[in-house]
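The chain below stands alone and is given in structure tokens; this is the form predicted on its own.
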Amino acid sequence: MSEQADERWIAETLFDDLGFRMTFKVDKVLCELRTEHQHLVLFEQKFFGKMLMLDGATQISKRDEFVYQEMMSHVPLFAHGNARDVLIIGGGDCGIAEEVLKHKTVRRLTQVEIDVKVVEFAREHFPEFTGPAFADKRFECIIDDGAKYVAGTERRFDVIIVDSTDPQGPGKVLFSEKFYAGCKRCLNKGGVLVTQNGVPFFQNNELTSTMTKFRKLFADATCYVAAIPVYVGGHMAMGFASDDRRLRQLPVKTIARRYRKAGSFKTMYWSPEVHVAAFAQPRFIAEAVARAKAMPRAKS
């Protein structure tokens, strides 16, 4: 009895409004703190390994982090084909930064993270990501509000990756039309914006809302999908926006050629074939995107 009483289980509360929780038995709590912006807990779990939660929402697990990191970084960069200046909004653990820096075309990578505590904690607990990133002269980490940064910077970027939490707490503003307009403002011609848009099976409104806002700003607004086990609910959607409609319609041979030119670095989920197939949405997701696309686009 006493052994059971000492057990700690941590619940993901993201879907409380739907009436269920995903709960993880904790082997060991590695770090728990409340920063100026959010509650953070890092723990060891028997199956998933090291896991990070922010405000009750799972952010990353050691077991399957490669799926999210690879798909958020390699899809937009290989779709663009010659991204030299890249911006990451959020991403304080530096997992996506570490993947982006594998691309030889990238001359400068700027990461804007609102919470300095997340970066400090990541440098201690995720050295496998932060080490390569901070050691690379092309990488710059700025502690700032991402929405304010894209609204005011004079810099321009080929690819913007929004590695946000769900639309709650400090991440809520990163789902606003004003923020997306700021991203559009500082994208170079032919640039790509990619966003984290949750699990459509449970968060359909999140995807539809983003697609509606994208549709007002970009010539092409859609999403691609990836299956990430720790994010319960099936496919995760990544929003994809650009004024160049051709970027998401490239054939496997073109993506494969760009991959070879980049050095054919090792991946565990992404491949040229998966890249192209990821834009083939399950019908219920495609219908959500189509509903948003049916709305009139604002005049520029």
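Computed from a predicted model, the values in this text were never measured in an experiment. Position 1 is the first residue in the sequence shown; the rest follow in order.
The discussion below concerns the form predicted together with a small molecule, not included here.
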key: Answer range among 106 to 114, 77 to 85, 199 to 207, 219 to 227 for contact with the small molecule, defined in the predicted bound form as heavy atoms within 4.5 Å   = 106 to 114
inquiry  = Please determine whether residue 93 contacts the small molecule in the predicted bound form, using a 4.5 Å cut-off between heavy atoms.
reply    = yes
message = Check residue 45 for me: does it contact the small molecule in the predicted bound form (non-hydrogen atoms, 4.5 angstroms)?
response = no
task = Answer for residue 240 alone: is it within 4.5 Å of the small molecule in the predicted bound form, judged on heavy atom distances?
result = no
request  = Decide whether residue 67 counts as a contact residue for the small molecule in the predicted bound form under a heavy atom distance cut-off of 4.5 Å.
outcome  = no
